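For this one, two forms of the same chain are given in structure tokens, first as structure 1 and then as structure 2.
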Structure 1
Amino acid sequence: MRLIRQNIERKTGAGSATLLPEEPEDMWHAYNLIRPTDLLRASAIRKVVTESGSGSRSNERVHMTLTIRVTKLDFDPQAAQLHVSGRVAVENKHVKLGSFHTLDLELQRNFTLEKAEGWDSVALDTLKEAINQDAKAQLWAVVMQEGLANICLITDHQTILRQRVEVNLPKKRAGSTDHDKSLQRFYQTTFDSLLRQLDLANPKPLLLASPGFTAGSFHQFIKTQASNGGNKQIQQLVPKITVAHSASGHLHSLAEVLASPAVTSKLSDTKFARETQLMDRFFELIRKDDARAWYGPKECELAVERGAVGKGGGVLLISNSLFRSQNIQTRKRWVRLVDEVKEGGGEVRVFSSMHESGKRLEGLGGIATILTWPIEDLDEEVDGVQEGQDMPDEDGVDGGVDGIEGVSGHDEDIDFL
């Protein structure tokens, strides 16, 4: 994602940012940046009906720039398409104020975003992450078993299934080579499918995982192809391959594979490796009934209030899906919690809901903590308290802005460059 321009005021968070999505991963960042009630301006094509003086009507498709106040987002990770719906906030000669429209964000087309409640700390961190050119594809993975292969692209933010290969294999029979021949055809099909996905000019690490010996056999197949074909690019790929064990060849086994020492040792500097390690540590504490591990909204808020998620090992694990809530006060609740942990010296990890570690966190309600010191019976202290009832409202929120231009008279803008 490229930052074209921004005029976000440092003190209040008011202002807007104009961004250019350059690759499919950027659509995921846009999905996390844009929230309900935000103002979004982008180009659109709309059918306009005109009526002549004689009463005849004609339809034409008109290119225009529309500004909408967002009500709903629809993201397709496989196609990397983002559709944003809302009411038109700035009237023009073709579209009435308040009418509904859906903007389809596209690669290589600018869009401008203004936050209804200002750019809070989480939104600013998301923006910085989106324009960070180093956070690109980190790893390719093939999770497989005999007759099934799932080819995945793993980035810091999501796991994308790029292609599934399924081949029916005959059963092994004494004196018959049908199974072995079919297995070689399966390897060839998987190999060809993988080559269509990889950028061999700049190969990323490749992870092969399976139960039994399937991944090891496929690894040997790739090495044979590299030595026989004389393709130097494939030969450069071979040293980047890691073979690991998985419970099955299905996609859900990837979380277990990414947590294995063979993988984490090679990917220790990546964002998702750190998050996988934190989730493993959290569940280990849970299994030991250690009072430093708690999950649930009220439990985590109470732990932060007591200062137990601070310096010395305190970590807040929170899913980015919580910041996409339709309710503004709910979003503010989690932003406030993140800010409190950071101010207390604790670590905050915002997990992607489309990553394997993030899906594990979603199963806990999207939020968990590893405390600096143990707190016994924390759950008993929050029993009977209804979710969200004791959250104070924030004053000074102006939700009535219909324009998307930056606020004039800024004292100091944030510099992302």
Structure 2
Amino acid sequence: MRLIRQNIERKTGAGSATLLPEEPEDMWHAYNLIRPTDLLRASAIRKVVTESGSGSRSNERVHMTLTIRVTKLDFDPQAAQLHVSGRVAVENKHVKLGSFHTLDLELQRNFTLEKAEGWDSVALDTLKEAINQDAKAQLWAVVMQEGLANICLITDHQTILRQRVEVNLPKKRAGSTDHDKSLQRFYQTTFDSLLRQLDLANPKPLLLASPGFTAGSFHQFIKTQASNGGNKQIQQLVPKITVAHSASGHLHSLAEVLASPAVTSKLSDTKFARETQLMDRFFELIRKDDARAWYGPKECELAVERGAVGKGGGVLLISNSLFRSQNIQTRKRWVRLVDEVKEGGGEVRVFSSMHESGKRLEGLGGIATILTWPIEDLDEEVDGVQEGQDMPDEDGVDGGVDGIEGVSGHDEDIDFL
């Protein structure tokens, strides 16, 4: 994503940013940036019905630039499309104020975003991440077991399941070659599906992972196809294949695969490596029943309130799905929590809910902390003070402002501000 221009005020966070999405992944960033109640301006095509004086109607498709106040977002990860619905906020000669429109954001077309509540720290971080041009690791992975293959694309922020191949394999039985035949057919189907997904002109690394020998055999199958077919492009793909071991053919095994050294060495994705490391540490602690590791919204809030997530190892792990909440108050609550931790010197990691490590965090309710010092029986205290916890604080906006100041220390790469 390219930042075309911005006029965000540091103090209040007011102002707008104009962005140019360049690749499908940018839609994911846009999805995380745009929130309900924001103002979004983008080009649109709208069917306009005009009624002439004689009463005859004519339909016309009109290109125009519309500004809408966002009410709903719809993201399709497979197709990388973002549909933003809202009510028209700026009237023009074709469209009345307040009428509904759904903008389909398109690649290579500018859109301008203005935050209703101002740009908070999390939004600015997201923006910073979105316009970061380097580290565009991309990797294709096929996680498989006999009869099942998940073909997915792994990017910095997403793991996108592109195709799932499921074939019923007859079991081995003496004197029958049905199993072998079906297995070959399964490889062929998977290979064909994979080729439809891959951009062979510009091959990305391909990771094959499975329990047992399935991935190895499939690797062999691709090699055979490459040498038989005489297709140069497939031959170029072969050296880019890595075979790894996974515990099962289900997609969640991918986390384990991506964390293995054989794969991390091939991936330039340091963000992911760090996130995986943190998640592993968290699970390790909780497995040891260490009172420094807690998960769940209330527990984490309470811990942060007590200042336990601070300097010297305090980490807040939070999934970006929490910031996508429809409810502004809820969003503010999380932003405030993030800012509080940053203020206290702790580390905040925003996990992508579409990524494998993020999915592990999602299981825990989307938020977890590693505390600086242990707090025993935090959960029981939470039960005790349950009342009033969900009440949103009005000073959330202030927190947001503070957050921006807190961030200012390390924003040399967002000197556009």
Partner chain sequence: MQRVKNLGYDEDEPYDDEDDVYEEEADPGYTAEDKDNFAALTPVVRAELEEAGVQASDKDIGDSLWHYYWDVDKSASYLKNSRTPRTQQQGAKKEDKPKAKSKFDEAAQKSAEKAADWFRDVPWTHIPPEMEGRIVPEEPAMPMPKLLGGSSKLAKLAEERREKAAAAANVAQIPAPNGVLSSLDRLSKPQDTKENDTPQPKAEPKKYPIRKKREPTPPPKEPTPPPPEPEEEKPDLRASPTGFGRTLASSQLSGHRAASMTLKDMLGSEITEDPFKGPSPDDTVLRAQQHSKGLTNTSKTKQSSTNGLAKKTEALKLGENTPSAPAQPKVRSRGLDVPKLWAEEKSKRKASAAFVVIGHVDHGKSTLMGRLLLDAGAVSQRDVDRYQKQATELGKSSFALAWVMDTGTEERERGVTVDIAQHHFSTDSVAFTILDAPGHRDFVPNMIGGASMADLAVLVVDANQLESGMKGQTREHVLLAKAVGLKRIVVAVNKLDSTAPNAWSQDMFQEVKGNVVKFLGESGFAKEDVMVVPCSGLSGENVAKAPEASGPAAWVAETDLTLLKALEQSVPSEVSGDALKRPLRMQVADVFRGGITNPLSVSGRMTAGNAQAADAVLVQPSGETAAVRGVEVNGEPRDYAVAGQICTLHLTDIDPIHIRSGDVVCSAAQPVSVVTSFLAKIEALDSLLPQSVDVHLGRLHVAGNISQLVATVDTKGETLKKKPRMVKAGQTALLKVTVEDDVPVEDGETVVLRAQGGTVGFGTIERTSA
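Nothing here was measured: the structure is a model prediction, and the numbers come from that model. Throughout, rigid core stands for the largest set of C-alpha atoms superposing within 1.5 Å between the two forms. All residue numbers here follow the sequence of structure 1, with the first residue given the number 1.
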item	value
Between structure 1 and structure 2, the form predicted in complex with its partner chain	2
Threshold 2 Å Cα movement between structure 1 and structure 2 at residue 146, rigid core reference	yes
Cα displacement of residue 244 between structure 1 and structure 2 reaching 2 Å, rigid core superposed	yes
Is_shifted residue 323 between structure 1 and structure 2 (CA, 2 Å cut-off, rigid core)	no
Core-fitted comparison between structure 1 and structure 2 - CA shift at residue 175, Å	9.6
